[in-house]
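Quick setup: one chain, the form predicted alone, written in structure tokens, and binding and motion questions come after.
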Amino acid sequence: MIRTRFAPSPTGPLHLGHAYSAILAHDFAKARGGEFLVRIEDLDQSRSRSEWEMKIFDDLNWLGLTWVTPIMHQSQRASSYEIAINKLSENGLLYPCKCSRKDVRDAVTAPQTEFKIIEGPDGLIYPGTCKYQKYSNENVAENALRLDMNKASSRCITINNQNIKMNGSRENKNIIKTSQFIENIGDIVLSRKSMEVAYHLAVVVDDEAQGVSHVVRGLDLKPATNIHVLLQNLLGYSSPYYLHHKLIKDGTGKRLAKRDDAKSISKFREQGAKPADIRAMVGL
């Protein structure tokens, strides 16, 4: 069974980029007799709003998309994430870290530092400040938990990142040596303070739970795919196929984003646009 998903965050309205990704995932599955899922990524409860969630469903329905119910909400999945964290921890792959983003930046940019300033898919590569610190058990929950990439890459020497094209044809198998992850990705955060799970772990656990066979998403997330495939290997999950589509950009060539107040689907609807018009705008 081919199963795709669209996983928006209810922190604002859908724009053309969202519509493009959702339509591609929907049409890819439906054309092959598969299923299309909608998952709500509401880990950030401080910004998530139920009214935005309802508007997301309304816009997707207006676009003519249909999906399998019930809807999965990440905010209700804490126990599943905890199981994954515990498994990685029991295998000695995690360590506590008290560093903030500012601490990391200060460490790698300090005068006479020996650390390289490298931007990975998750921001600046962590210099390992807390890696060899000793923490008592009662203090672990007060800190973030990072993946020890040295140990992780030794457990999975290579991974198979399965990419296919939007027409369904397979690209060449992409066998990747994980040793390069130490320098290019580093020790990423998988759990924040108070056990708030990070996106990378949540999306991997949820795709496995929902049996997602094909992940359709933008090229901006392609660098994160290696992280997800590595985590799938470490957790004993199967890896879906990945299809990375072009990004929809504004008139200046900038990728559409909520934070930049990209024009919403609802605005186009108010101005009389039809679903076919939205498809035409994004080149479908």
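Fair warning: this is a prediction, and the values are worked out from it, not measured in the lab. Residue numbers run from 1 along the displayed sequence.
One more form of this protein, predicted in complex with ligand GLU, exists but is not displayed; see below.
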note = TL;DR on 115 to 123, 91 to 99, 197 to 205, 178 to 186: the one with heavy atoms within 4.5 Å of ligand GLU in the model of the complex is 197 to 205
ask   = According to a 4.5 angstroms non-hydrogen atom cut-off, is S264 in contact with ligand GLU in the model of the complex?
value = no
ask   = Is there any non-hydrogen atom of L221 lying within 4.5 Å of ligand GLU in the model of the complex?
value = yes
message = Using a 4.5 angstroms cut-off on non-hydrogen atoms, would D27 count as touching ligand GLU in the model of the complex?
response = no
request  = Classify R217 as contacting or not contacting ligand GLU in the model of the complex by the rule of any non-hydrogen atom within 4.5 angstroms, answering yes or no.
outcome  = yes
query = Which residues in 1 to 26 have a heavy atom within 4.5 Å of ligand GLU in the model of the complex?
reply = R5, A7, P8, S9
